[in-house]
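Quick heads-up: it's one chain on its own, the form predicted on its own, in structure tokens.
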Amino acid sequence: MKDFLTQFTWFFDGAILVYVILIISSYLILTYYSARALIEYLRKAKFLNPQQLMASPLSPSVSLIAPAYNEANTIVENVKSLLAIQYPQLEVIIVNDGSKDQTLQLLIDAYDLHAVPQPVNYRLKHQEIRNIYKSSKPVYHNLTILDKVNGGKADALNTGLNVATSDYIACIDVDCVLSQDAIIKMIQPFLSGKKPCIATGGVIRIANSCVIENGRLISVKMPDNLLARFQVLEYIRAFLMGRMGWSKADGLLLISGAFGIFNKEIAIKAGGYDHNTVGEDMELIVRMRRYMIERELPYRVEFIPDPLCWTEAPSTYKVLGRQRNRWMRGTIETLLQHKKMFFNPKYKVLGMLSYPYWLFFEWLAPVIEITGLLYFLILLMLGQPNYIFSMSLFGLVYAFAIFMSVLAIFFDEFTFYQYKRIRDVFRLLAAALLEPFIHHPMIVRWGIQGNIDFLKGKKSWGDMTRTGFGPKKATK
């Protein structure tokens, strides 16, 4: 029995070490690709002339779709932000998805709305539209409000796709604040390149504690809330050092539902947003890419590293836990729905690299991590722990986590320089030191719970309490 335990220990230790080496290697490779892509983007950005696009009558029209459900606390300010975006041909569509609070009435009062008849091309299925509203004020001529029976976020986005009149669709969470030139920068990849672009994504940043007035970002500040600062680090790593690298490698599987632009025709032909998943943003991109590959059509998906979209991050562990639980369930649903891609050379980078990466390092990472912890505790109870190996591995992982966070801060400060006060940078560095001990264990816990809830068949989003922008107390 002792010999078996010794052999098993060596095997398990070796498997864990190989997994750690693989995940560290993948992060370093992604970081390398991200650095190259950032340098290339910054070089090209010097020659970008937004005013030329703004003045051109040939600028493509864009329909911006924002689903809203029980957003009474922030809806008026958020719509102001969307209407303030600088773009010559922009249609703003707010989809009230059967809100139970005063969301619709606040919009009617603030923008002087009245119901109008408008034809709808029902190419995608969705719940019934009750009314379509337009404003009596000419200044809001490009604003359309859809009031529909509740059907969930995917259903609301499909409703917006059917009503939209533009060739390009910008989908955004209604609680987000966009920079005024966001659409101009995000539409650029659709206008250039050898292969047609079918989707672009942008960097999402944390707006907690930032100064926002009349729907515009006035001043960027580091969040006062420690939990929000942890999320600042997460977002910088995920976008500047993750998705930027995957975009460069042509393996991007996810454009955040908070903000992305799509070719409307391809999105509809691919089937629109899936009602049966809570990860509709990831699932649509995977399905659009599969649609193009399986028909042998040239295409590309781009990522813009500019901080174009600012969102309110959860400020309590209760709300953040619901969000991360949903993200995990959405990831599992998407991967299982498209399991045909797994190590399938037909899907090139997606099948051979992107899918395996998401499977082993996103879906299964918390399961493997908690298994390793339980394994160590069992050995401790049996009096057989390998302290040298365990402590060395922990030190390696902790040091690498700090290295990646510091490198992410370096990327951010030496590219787009959002946090201009040296005190804010030191607060981020302090958060990086604490994150592995305070924040990461909770991420693992929510990942495990997401797996359990998936097995139970849970489909709900859970309430996402928002405080609104500014120093207000949280209300539901």
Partner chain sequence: MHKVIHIADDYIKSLGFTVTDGIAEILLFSLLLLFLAALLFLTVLLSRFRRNYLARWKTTFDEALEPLILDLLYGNYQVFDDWWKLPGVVKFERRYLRKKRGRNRAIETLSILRSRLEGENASLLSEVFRKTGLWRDSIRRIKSRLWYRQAQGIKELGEFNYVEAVPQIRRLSDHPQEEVRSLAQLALIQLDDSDPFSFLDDLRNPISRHTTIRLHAAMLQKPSLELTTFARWLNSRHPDVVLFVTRMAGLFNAAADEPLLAKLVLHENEEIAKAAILSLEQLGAQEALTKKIPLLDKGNPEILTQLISSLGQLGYSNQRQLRHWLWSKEYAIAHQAFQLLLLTEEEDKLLRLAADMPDDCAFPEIARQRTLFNKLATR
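Values in this document were obtained by computation on a predicted structure and should not be read as measured data. Positions refer to the first chain, counted from 1.
Below: the form predicted in complex with the partner chain, not depicted.
**Q** Within 4.5 angstroms, counting heavy atoms, which one of the listed stretches 127 to 135, 197 to 205, 174 to 182, 323 to 331 is next to the partner chain in the predicted bound form?
**A** Going through the listed ranges, the match is 127 to 135.
**Q** If we define contact as a non-hydrogen atom of the residue within 4.5 angstroms of the partner, is residue 33 a contact of the partner chain in the predicted bound form?
**A** It does not: once the partner chain is placed as it appears in the predicted bound form, residue 33 has no heavy atom within 4.5 Å of it.
**Q** With the partner left out here, check for me: in the predicted bound form, does some heavy atom of residue 429 sit within 4.5 Å of the partner chain?
**A** Heavy-atom contact with the partner chain at 4.5 Å: present for residue 429.
**Q** Just checking whether residue 219 would be counted as a contact of the partner chain in the predicted bound form - the rule being heavy atoms within 4.5 angstroms.
**A** No, residue 219 stays farther than 4.5 Å from the partner chain in the predicted bound form.
**Q** Given that the partner chain is not shown alongside this chain, does residue 449 nevertheless sit within 4.5 Å of it in the predicted bound form, heavy atom to heavy atom?
**A** No, residue 449 sits far enough from the partner chain in the predicted bound form that none of its heavy atoms falls within 4.5 Å.
**Q** The partner chain isn't shown here, but in the predicted bound form which of 337, 86, 371, 392 has a heavy atom within 4.5 Å of it?
**A** Looking at 337, 86, 371, 392 one by one, just 392 meets the 4.5 Å heavy-atom criterion.
**Q** Output the sequence-ordered list of residues from 100 to 135 with at least one heavy atom within 4.5 Å of the partner chain in the predicted bound form.
**A** The stretch touches the partner through 115, 116, 117, 118, 119, 120, 121, 122, 129, 130, 131, 132.
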